[in-house]
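Given as structure tokens, the chain that follows is alone and in the form predicted alone.
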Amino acid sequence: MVSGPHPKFPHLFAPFVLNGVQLRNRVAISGHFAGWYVGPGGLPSDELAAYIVERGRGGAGLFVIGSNVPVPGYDWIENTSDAIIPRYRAIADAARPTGIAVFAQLCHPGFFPLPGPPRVTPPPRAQPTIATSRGPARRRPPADELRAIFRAFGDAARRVREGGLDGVELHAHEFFLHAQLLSPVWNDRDDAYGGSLENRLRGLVETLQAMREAVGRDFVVGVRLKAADMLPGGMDAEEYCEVLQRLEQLGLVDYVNLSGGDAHFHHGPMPRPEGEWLGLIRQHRAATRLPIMHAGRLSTPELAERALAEGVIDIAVMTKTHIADAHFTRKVFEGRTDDIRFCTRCLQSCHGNLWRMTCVYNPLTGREKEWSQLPPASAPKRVIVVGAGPAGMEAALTAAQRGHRVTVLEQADRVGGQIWAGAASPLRRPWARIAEFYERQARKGLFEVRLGARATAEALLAARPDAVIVATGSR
């Protein structure tokens, strides 16, 4: 069940009810995106369904499908016609037996470039060779066009409900349309949607009204917001508390999902502190009775449990944690923390490569459709792996799990290879989590590791292996 009384993490595994939807625990995976989410016709792919199902098997309580766009012309999941309803239904039918609830997050990318200083100064780089468009060039859409977009969110929300998903969320975070409208820096309009906070909030309210009218009072509607803009001239935490209070008064949402608004660091890169924004979230907790989800580098069960126990948050959002290990929640519940691939927060293969998202040291991520079931070997073999870096250790682990007899030869005195060089920097110490994972697996005795062993041709031939995997890195 991955739910109920737990001796070490009682709050993390306590059920929670959102407008009639029972979440089996307090662990959520927030809306995020990979290019392979999008299948033929811009509809949700089979790969996305398999990705969600694997995290359902892994014990998480909630998965939010990111980047569902309600108007045509973008490169995200297109929730623009009733053609998407059967695809949502297929996801719901596949995920429900695993016990995970599934919401869809609706988002309009907005119009670019934004006024003011750049959000992030990009490093020098070559021109991209693949399409990376996020929509049309910046312009100021007339009010009638904005209102048509807001109505489209209502139509999209209806399709979410008719598709059998459990809830819908409006994305008003980062630098997308509703965040652009809220921002006093990015919103330079002089009509009913610009100027005062009341006007800048109007687009968010009208969109949520359209969504609520489309799905009714008995369906979960949430919103993702910044805790503060963290941008000179932007909205501070007090103003966002005012937004929450206004939404609560109007009865438009069942929960709010908050994270830091900083364009550089809200994804929680490696050098940043764990649980960095919890102090900020306390201000919002004091301002509203709405259930609060929070995404902000809650990388360990201990940190999430403490935030829940103190009442700062109601649901712990642990997205990159589950990109690194789909079964994180179940392993914590069962006391198998030695088997967890803890996220390094490197952002290299997830946020840094959205179109081909995977994990830097979990090859299953993004390949769940093909690889989620590891078949046993029809004929176990004697396998020697040369090199105990990440590639060699992953090969050894996979081969051993399939039933082969595996020996790893490593001339150094520890597992991990070049990982330890990267982890030597004070700002890059989490790289060591990769080596530590493989060390823990080696200690379990699934395969043999011989340190200080040089793999000469003579030694390999004398061992008479059925297969040799050379994983000695590059020079």
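The model shown is predicted, which means the values in this text are computed figures rather than measured ones. Position 1 is the first residue in the sequence shown; the rest follow in order.
Beyond the structure shown, there is the form predicted in complex with a small molecule, which is absent from this document and is the topic of what follows.
Enquirer: So which of 188-196, 317-325, 301-309, 88-96 is the stretch with heavy atoms within 4.5 Å of the small molecule in the predicted bound form?
Expert: Residues of 317-325 come within 4.5 Å of the partner.
Enquirer: If you check 295, 313, 102, 228 against the small molecule in the predicted bound form, which one has a heavy atom within 4.5 Å?
Expert: Only one listed residue qualifies here, and that residue is 295.
Enquirer: Among 253, 384, 350, 77, which has any heavy atom within 4.5 Å of the small molecule in the predicted bound form?
Expert: Of the candidates 253, 384, 350, 77, 350 is the one lying within 4.5 Å of the small molecule in the predicted bound form.
Enquirer: Can you work out whether the small molecule is within 4.5 angstroms of a heavy atom in all three of 57, 331 and 369 in the predicted bound form?
Expert: Not one of the three qualifies.
Enquirer: Answer with yes or no whether residue 364 is in contact with the small molecule in the predicted bound form, where contact means some heavy atom within 4.5 Å.
Expert: So residue 364 does not count as contacting the small molecule.
Enquirer: Residue 354: heavy atom within 4.5 Å of the small molecule in the predicted bound form?
Expert: Result yes; residue 354 sits at the interface with the small molecule in the predicted bound form.
Enquirer: So in the predicted bound form, does residue 428 come within 4.5 Å of the small molecule, heavy atom to heavy atom?
Expert: Residue 428 lies outside the contact set for the small molecule.
Enquirer: So in the predicted bound form, does residue 438 come within 4.5 Å of the small molecule, heavy atom to heavy atom?
Expert: No - in the predicted bound form, heavy atoms of residue 438 and the small molecule never come within 4.5 Å of each other.
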